[in-house]
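Quick setup: one chain, the form predicted on its own, written in structure tokens, and binding and motion questions come after.
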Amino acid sequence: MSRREGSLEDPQTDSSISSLPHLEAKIHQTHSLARLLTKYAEQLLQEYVQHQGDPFGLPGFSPPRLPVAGLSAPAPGHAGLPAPERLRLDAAALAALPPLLDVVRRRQAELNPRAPRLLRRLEDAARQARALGAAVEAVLAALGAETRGPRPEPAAAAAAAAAAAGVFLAKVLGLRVCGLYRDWVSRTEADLGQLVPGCPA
């Protein structure tokens, strides 16, 4: 991941003609990274559910949709926004996810200390979200689009909510965060796919 991430941060040249292949390379690399992380995010969600016990994973189980401080699911109208605006929203969500995933990992370390693979996946997901977010920011910079300032980290509020919640609600909150990670990585893949020539949207 780190090698791929590093390759996305090369300085952009001033010439628009010479920078076109550079921009296309950034978009291709970032799209490939997002596609790979979409698979990892789905695996993380499945692994998470497997370790929560009943009623998680049972057919027909519908957990309450707890709000997550500082982060929501992609809006229904997201796909209709201009490409730079979509990518800015993607980057902001990816920046908000790592501290949330860290909170979930710490809570799961208490609830499932004998699930090292799940804990490792959560740790990896936080690192991967940072890498993809940095790559999307690099694409925005290459497109000449301004990126917005950092959002306040929701980790403190999420940590307080997780600590105050009972075991069931803490598990539901973790499920929600893992689901949001999958949704935003998948959304980022789709948004970048629209910029890749010959790639289905």
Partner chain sequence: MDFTLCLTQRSRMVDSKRMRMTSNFQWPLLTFILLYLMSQVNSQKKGAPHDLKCITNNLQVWDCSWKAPSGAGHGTFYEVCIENGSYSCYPSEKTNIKIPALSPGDHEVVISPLRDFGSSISKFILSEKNVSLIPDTPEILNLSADFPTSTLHLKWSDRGSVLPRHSNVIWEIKILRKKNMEIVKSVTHNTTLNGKDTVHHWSWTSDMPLECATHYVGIRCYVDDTHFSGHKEWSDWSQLKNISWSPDSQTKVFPQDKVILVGSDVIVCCVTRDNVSSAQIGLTKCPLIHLDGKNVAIKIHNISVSASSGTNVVFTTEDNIYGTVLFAGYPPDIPQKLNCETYDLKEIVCSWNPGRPTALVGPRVTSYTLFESFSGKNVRFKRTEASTNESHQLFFQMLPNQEIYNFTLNAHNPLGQSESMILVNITEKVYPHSPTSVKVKDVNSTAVTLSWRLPGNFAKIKFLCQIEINKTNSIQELRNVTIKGVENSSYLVAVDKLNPYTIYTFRIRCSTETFWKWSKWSNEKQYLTTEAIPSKGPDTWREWSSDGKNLIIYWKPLPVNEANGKILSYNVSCSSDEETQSLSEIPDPQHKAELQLDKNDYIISVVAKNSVGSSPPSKIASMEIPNDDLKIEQAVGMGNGIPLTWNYDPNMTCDYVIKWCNSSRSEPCLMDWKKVPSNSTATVIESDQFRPGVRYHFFLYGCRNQGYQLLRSIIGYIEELAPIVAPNFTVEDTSADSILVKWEDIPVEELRGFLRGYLFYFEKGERDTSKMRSLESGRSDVKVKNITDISQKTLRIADLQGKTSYHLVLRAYTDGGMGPEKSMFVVTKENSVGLIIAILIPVAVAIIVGVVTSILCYRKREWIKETFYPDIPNPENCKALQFQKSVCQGNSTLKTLEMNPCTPNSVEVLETRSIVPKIEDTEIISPVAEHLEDSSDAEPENHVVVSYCPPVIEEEIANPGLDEGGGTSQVIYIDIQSMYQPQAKPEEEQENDAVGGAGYKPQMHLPVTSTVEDLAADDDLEKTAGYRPQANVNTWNLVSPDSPRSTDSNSEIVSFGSPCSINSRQFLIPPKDEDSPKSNGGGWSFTNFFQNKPND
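Residue numbers count along the first chain shown, from 1. None of the values given here were measured: they were computed from a predicted structure.
One more form of this protein should be noted, the form predicted in complex with the partner chain, which is absent from this view; the next part is about it.
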>> Looking at 111 to 119, 124 to 132, 85 to 93, 69 to 77, which stretch has residues with any non-hydrogen atom within 4.5 Å of the partner chain in the model of the complex?
In response: 111 to 119
> With the cut-off set at 4.5 Å between non-hydrogen atoms, does His28 touch the partner chain in the model of the complex?
Replying inline: no
>> Check Arg176 for me: does it contact the partner chain in the model of the complex (non-hydrogen atoms, 4.5 angstroms)?
In response: no
> Counting only non-hydrogen atoms and a 4.5 angstroms cut-off, does Thr38 reach the partner chain in the model of the complex?
Replying inline: no
> Would Gly144 show up as a contact with the partner chain in the model of the complex if we use heavy atoms at 4.5 Å?
Replying inline: no
>> At 4.5 Å, heavy atom to heavy atom, what parts of 30 to 52 sit next to the partner chain in the model of the complex? List them in sequence order, or say none.
In response: His51, Gln52
